[in-house]
Every structure is written in structure tokens, then in C-alpha cells.
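Just one chain follows, in the form predicted on its own, and it is written as C-alpha cells.
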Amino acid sequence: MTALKKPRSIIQPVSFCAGCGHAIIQRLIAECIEELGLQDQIIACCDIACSEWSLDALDYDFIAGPHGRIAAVATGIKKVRPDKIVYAHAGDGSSYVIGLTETCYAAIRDVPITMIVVNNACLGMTGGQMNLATTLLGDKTSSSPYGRSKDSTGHPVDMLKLIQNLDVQFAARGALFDPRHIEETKRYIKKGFENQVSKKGFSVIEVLSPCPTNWNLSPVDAMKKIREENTKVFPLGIYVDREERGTGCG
């Protein structure tokens, strides 16, 4: 039996909300980096949103980008420091709404960065407003108190289905609602870092993550919602793996 230990890179606790998936993702990132021996090669980018807590928690060189511009910030860092391993940890609002252009052009250019997008189906840090890309139809948010309506705001968008049509290295979606899927998500994140070590192209890993505070659910019920509802709109699996020349969910 293997004893699980806290990654050395996590140097202090931070104040993610109770039941938030960002903390799990933060640990998975740290575990992958340490297992690959990359601690001294990392430049991390976080958005001005929930992921910003990682600035205090992780013992890496960090740059916080303007909200929604994290893919552009990571691209710039990789261009001037191609010897470093550059990753972005950002939410779905940053990556798919305000930063849609930046994310798409990082993918179009096949920039060799690792982008980890937390899909919690809302704009978490600013008060739980509706996310045009990821809030499910009928879901109530602070800006859609009667539930999201197709007639007024359209359907949510599976961004990985769009990205898989571009010439990228790797695109996959994981989830956090049980240990098996957490381990699967970790494999995807680790693959994203391995691709960068091997000087391959753009890797994006989206993670379906709970936001109990803004969903007004208990942590257990938030995980249940992801399993029973969100995965039906955002299927899990590998969408693009250039090495395999296959698409898993498109």
C-alpha cells in the first residue's frame, strides 16, 4: 500500500470555498509536476479569479494575467522562455467567454503550453453569474434567477468540440465526482505536461468541477449534479490526441 503525502510544492493552505474543485485540481497539478521532476522548470499562469489562490499555495514562479487573457499571457511567456514549462490554470469564464479569442488563437497557433480549464458552469469569483459557454439550460444563477433560457441566451457550447477541429496536440475533458474520474483527470493533466516536455503542441485539459457555493448545493449534491447532468452536455474523454490520430468524443 502506498501512503499518500502532500506534494512538497503545496506550501500553505488557501481559502477555496468548501467543496470547490479548484483545490483538487491544484493538488493534481502539483502531483503531476513532482512526479515528472519539473518543479524548477515551471512558470505558472493564473487568472484573476478563483484560480488566483494558487499564487499563495504553490511554490512556483507565478504570473497573474488580466482576467480572460491567461492564454495570451502564457503564450507570451512561452515565446520568450521556450526552455520553461508553462501552464495556465483558469476558469471557464476566463477561457471560454471573456478570453475566447485568446484561447482559440493559442490553439490555432498550436502554442506548446498546457492549459487547464476549470468548468464550474458559472462565473465563480464575481458572484455566480451565468456563463454563456457552460451554464446548463434551466440552471439558476445570480444573473438568470429563473433558469437559463435558450430563447434569450442560446445553448451552452462544448468548446472542446470546436478545438478538436484545429490542429492541436491534445484536448481532453475530465471530472472530479469520484476517485476513478479524479485519477483519469490526473492522467490527462500529466499528459499535457509530458507533451510540453517533449516539445509538442498545444494541450488543453478541461475539468468539470463543482461550485457548491454558487450552485446553492451541498458538496455531495454538487458532485451528483456533475455526474447526472453536466456530463450529458459535456461528455468526458479524449477529444484530440495527435499521437493517436484519434478523437474520442467529437
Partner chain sequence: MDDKYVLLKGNEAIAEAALRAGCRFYAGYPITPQSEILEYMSANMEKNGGVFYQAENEIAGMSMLFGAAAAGARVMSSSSGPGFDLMQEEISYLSSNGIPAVLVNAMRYGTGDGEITAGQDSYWLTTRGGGHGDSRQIVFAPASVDECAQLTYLAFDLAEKYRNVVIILTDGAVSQMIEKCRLPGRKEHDIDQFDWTLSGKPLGAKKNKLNNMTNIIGHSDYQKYLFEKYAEMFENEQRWESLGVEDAELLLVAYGISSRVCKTAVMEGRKKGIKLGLIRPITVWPFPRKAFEKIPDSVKGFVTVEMCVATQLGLDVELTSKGRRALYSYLTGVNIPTAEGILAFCESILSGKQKPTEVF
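Residue numbers count along the first chain shown, from 1. All figures in this text were calculated on a predicted structure; none of them were measured in a lab.
Heads up, the form predicted in complex with the partner chain isn't pictured, but that's what we're talking about next.
- Although the partner is absent here, Gly138 sits far enough away that none of its heavy atoms falls within 4.5 Å of the partner chain in the predicted bound form.
- The shortest heavy atom separation between Asp40 and the partner chain in the predicted bound form is within 4.5 Å.
- The closest heavy atom approach of Glu102 to the partner chain in the predicted bound form falls within 4.5 Å.
- Although the partner is absent here, Val97 is not a contact residue: none of its heavy atoms lies within 4.5 angstroms of the partner chain in the predicted bound form.
- Residue in contact with the partner chain in the predicted bound form (any heavy atom within 4.5 Å), chosen from Leu36, Val197, Ala64, Val220: Ala64.
- The candidate spot formed by Asp158, Glu183 and Lys191 is out of contact with the partner chain in the predicted bound form: none of the three has a heavy atom within 4.5 Å.
- Between 173 to 181, 144 to 152, 76 to 84, 124 to 132, the stretch whose residues reach within 4.5 angstroms of the partner chain in the predicted bound form through a non-hydrogen atom is 76 to 84.
- Contacts between stretch 51 to 65 and the partner chain, counted in the predicted bound form as any heavy atom lying within 4.5 Å, involve Glu52, Leu55, Asp56, Leu58, Asp59, Tyr60, Asp61, Phe62, Ile63, Ala64, Gly65, listed in sequence order.
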